[in-house]
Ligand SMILES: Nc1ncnc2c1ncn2[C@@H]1O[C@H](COP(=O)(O)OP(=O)(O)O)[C@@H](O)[C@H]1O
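Form predicted alone, single chain, as structure tokens, below.
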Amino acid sequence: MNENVLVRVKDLKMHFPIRAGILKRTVGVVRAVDGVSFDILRGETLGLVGESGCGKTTTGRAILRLYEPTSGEVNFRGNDLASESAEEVRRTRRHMQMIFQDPYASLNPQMRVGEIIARPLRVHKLASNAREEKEMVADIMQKVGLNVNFRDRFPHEFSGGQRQRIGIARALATSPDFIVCDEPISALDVSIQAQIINLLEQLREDLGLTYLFIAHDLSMVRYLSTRVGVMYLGKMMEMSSADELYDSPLHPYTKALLSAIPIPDPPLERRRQRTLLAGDPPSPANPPAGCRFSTRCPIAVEHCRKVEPEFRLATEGHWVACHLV
């Protein structure tokens, strides 16, 4: 594996069984993630976007082995996580962490902030004594902009933005190389979102972190991400550098998503043509044949409805899954 590649995902699938009846027999599967492949380079931020239910969060959790992948490979620093034992994954997890979407639900309300941040240090035995642990917690709190004197407070005593800073501090406690950011700003007020984004970017530069940034706010993803991948119904539709994806999108679904971003110029906004998609996304329990997007695609032909397109390299660094591109 290329030494610049920190995480390599190859044909990752995450299927959840549908059970029914008294005996809870399996009557089908939800194909939440259905064969995605991509690399994440050291020091970069890979943005992952798409509609709700497209499989973004499931992909992030499967990479960290919070979900047991149905099939496929997840290589982290050259080791295949999918084949590692639970103990090996526990040791590896020190180097890969997650910032959760909801800062209200992801923090234990019965634990003080200092204990929340110190817990990963204890689990991985990173502090040799109580004094060192206290110093490490204080250092981490300062890095994320939290007052060290608040270490004995409970999560409910903080605002939403401060709680998310606590979640970031907890993720940083083990000095990880890779962090999955699962929509870390979507539950926050707009006035706080920019502060958290700027903090994440500053931490990436200062600590040499690598991010998988999952979001549905496309304008925020462009600001933070080096490259962007677009998912739809468990499949990767397009991936390229952030600037190229936003300036020269190839896939019809990407074009539709980008056309929905508001422009802060009323005359230009009125003249702009939006791509309106008909209907709702199909169920991941019963995806359509051929291209997953064919049921809503404005340019789909009969071939699209029968044959699934290959996720291929269209131009240098620009991947797309579409027959008509």
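Residue numbers here begin at 1 and follow the sequence given. Here the structure is a predicted model, which means the values were calculated and not measured.
Missing here is the form predicted together with the named molecule; even so, the following discussion is about that form.
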item: Proximity to the named molecule in the predicted bound form (heavy atom, within 4.5 Å), stretch among 252 to 260, 294 to 302, 52 to 60, 36 to 44; value: 52 to 60
item: L277 within 4.5 Å of the named molecule in the predicted bound form, heavy atoms; value: no
item: Residue contact check: P284 to the named molecule in the predicted bound form, 4.5 Å heavy atom; value: yes
item: Exercise: F16 in contact with the named molecule in the predicted bound form, heavy atom 4.5 Å; value: yes
item: The named molecule contact in the predicted bound form: L64, any heavy atom under 4.5 Å; value: no
item: The named molecule in the predicted bound form - contacting residues of 32 to 48, heavy atom within 4.5 Å; value: A32
